[in-house]
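Just the one chain here, the form predicted alone, laid out as structure tokens.
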């Protein structure tokens, strides 16, 4: 395997692309007892239109999440979660808009756990009875999601922010679309995207990298298989269909999500550089050390729940903040006003350098977390970038780039506000 050491971070990563197309990445952590493995596919909730071996497919919304659930079923009634538990390991999975990950953590029996992870994710087993049974479980999950303010506020924001992008559709789909999911649909999507050439195996811990790669070869074989070709996402205007949306729910005080629509970043090093510029821009505009944050906090317009950053998903991106506030519209107006000040006065160089060092320090400290490290290695891999190279990218960013980004993005035309308001006393009575 190819060994790369990153002296500034004191990290070592081994990488290899196997004969079957699978990328294996092992972050060596000598002396640690915990081991964590992620088996990830570059396939998420938004990838419902694709071509496989010359044939076009349109899958129902929610199929990626449904597939995640069903892969824990194995032939002969095997219970994957119980098998991991018997090995002393914890296992789980998640589906995001643009990838699906299966993982386990353990301190012992690592080889057996890794073999089980590779086996169950690569073994599609879907019966009519089990798929129908799962439909009821996921339908209940959809209902719970519709009653959860944190989910509703974000999903409402996506509908307000985007006209065409499939991020408008919830990851779980809805009660109607999941009824269109059959064993045949699940088999097709698994065959299209759960192939080694579309996946990454990432392990962190005190493990033998060669043994990890050898076990992946043993379980998955050497054959290269066809990968589904995702349909191009439709172009998206940089204006918003709606400027504001409000939903009344049982909350103690108003909640808000606010976003400014950004151009999608694409792939490769320049895209990652633009992401880090955007990350620093968010810190500059409304981060905890910013002038605006302190002023809003002192005025009582925000509290400790407030936070923000830059979010990127395949085909879309946004500068976003959220929190609780008695006057979300005033927070939005204050952010727009602060941007006018930045346009006029610029950014103080000394303050910018402090902010950049602070942001870089947080990224470096996050490497202490196995979960955060593996997640970012996986996400950046599918964006075509070696995550451990982030310090050199950060250092090269100049304040002029931050101002230019904010000047382009933080405008009324690109802005949308989603609010969850409390039920009034009149409505209760």
Partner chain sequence: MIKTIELSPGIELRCCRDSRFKQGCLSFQIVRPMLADENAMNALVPSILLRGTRRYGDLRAITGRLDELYGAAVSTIVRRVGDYQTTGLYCSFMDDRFALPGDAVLEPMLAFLTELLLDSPLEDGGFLPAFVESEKKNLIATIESELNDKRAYAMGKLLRTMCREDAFGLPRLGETAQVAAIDPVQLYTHYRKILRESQIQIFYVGSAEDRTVAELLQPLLQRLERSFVPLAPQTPFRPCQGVDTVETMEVSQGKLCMGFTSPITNRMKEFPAMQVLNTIFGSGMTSKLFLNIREKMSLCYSIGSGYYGTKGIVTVSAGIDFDKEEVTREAVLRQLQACQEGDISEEELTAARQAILSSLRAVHDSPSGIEGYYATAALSGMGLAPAEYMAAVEAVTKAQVVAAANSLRLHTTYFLKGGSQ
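Numbering follows the first chain given and starts at 1. As the structure is a computational prediction, the values presented were derived from the model and not from experiment.
Omitted here: the form predicted in complex with the partner chain. The next part is about that form.
Peer 1: So, residue 1 and the partner chain: in the predicted bound form, are they within 4.5 Å at any heavy atom pair?
Peer 2: Judged by the heavy-atom cut-off of 4.5 Å, residue 1 is well away from the partner chain in the predicted bound form.
Peer 1: With the partner left out of view, is residue 146 within 4.5 angstroms of the partner chain in the predicted bound form by any non-hydrogen atom?
Peer 2: So residue 146 counts as contacting the partner chain.
Peer 1: Even though the partner isn't displayed, in the predicted bound form is residue 298 close enough to the partner chain, meaning a heavy atom within 4.5 Å?
Peer 2: Flag for residue 298 set to yes.
Peer 1: Does any heavy atom of residue 391 come within 4.5 Å of a heavy atom of the partner chain in the predicted bound form?
Peer 2: Residue-level check for residue 391: no, no contact with the partner chain.
Peer 1: Heavy atoms within 4.5 Å of the partner chain in the predicted bound form: which of the stretches 267-275, 138-146, 186-194, 329-337 has them?
Peer 2: Of the stretches listed, the one contacting the partner is 138-146.
Peer 1: Looking at 91, 100, 312, 284, which has any heavy atom no more than 4.5 Å from the partner chain in the predicted bound form?
Peer 2: It is 91.
Peer 1: Which listed residue (341, 107, 222, 180) meets the criterion of a heavy atom within 4.5 Å of the partner chain in the predicted bound form?
Peer 2: Here the answer is residue option 107.
Peer 1: Relative to the partner chain in the predicted bound form, which residues of 202-225 have a heavy atom no more than 4.5 Å away?
Peer 2: The stretch 202-225, when checked against the partner chain in the predicted bound form, contributes no residue at the 4.5 Å heavy-atom cut-off.
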